[in-house]
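Have a look below at one chain only, the form predicted on its own, in structure tokens format.
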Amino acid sequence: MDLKLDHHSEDNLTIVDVEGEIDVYTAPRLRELLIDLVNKGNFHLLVNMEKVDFLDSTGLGVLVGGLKRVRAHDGSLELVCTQERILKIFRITGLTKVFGIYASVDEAKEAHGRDK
């Protein structure tokens, strides 16, 4: 399975749409996109993982690395995910305490608006 990446900005939030599998082969593409977005001044990222079929430890590492990059600029990296098999990975690793995880893009945008 391939990885499809897209992104767009709404207000002060950059939404990254991810579809497919985030694994050792595809994760570098996501890493490069996150680095590029941060280098261009996008410090509030929302990664929409609703269409992600698989996530391995390499993918987790990319997300944690992205979070560290935005936090260096007082930014945020949050996730949209409702798939139990993906959420379980975040729970097992304790990353539910690190990432804001939302059920929808709208819910995340609303929470982000309150935090401003």
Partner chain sequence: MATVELTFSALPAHVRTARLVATAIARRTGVSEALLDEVRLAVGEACSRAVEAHRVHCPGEPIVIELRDDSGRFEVTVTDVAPSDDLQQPVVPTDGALLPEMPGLGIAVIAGLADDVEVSSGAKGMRIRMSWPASPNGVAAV
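Residue numbers count along the first chain shown, from 1. What you see is a predicted model, and the numbers here were worked out from it, not measured in a lab.
Beyond the structure shown, there is the form predicted together with the partner chain, which is absent from this document and is the topic of what follows.
Every member of the trio Asp53, Asp56 and Gly65 reaches the partner chain in the predicted complex with some non-hydrogen atom inside 4.5 Å. Taking the partner from elsewhere, Glu19 is found to have every heavy atom lying beyond 4.5 Å of the partner chain in the predicted complex. In the predicted complex, the partner chain lies farther than 4.5 Å from every heavy atom of Met49.
Proximity of Leu37 to the partner chain in the predicted complex falls outside the 4.5 Å heavy atom cutoff. Put simply, His44 is far from the partner chain in the predicted complex: not one heavy atom of it is within 4.5 Å.
Residues are counted as partner-facing when one of their heavy atoms sits within 4.5 Å of the partner chain in the predicted complex; in 12-49 these are Glu21, Asp23, Val24, Tyr25, Ala27, Pro28, Arg31, in sequence order.
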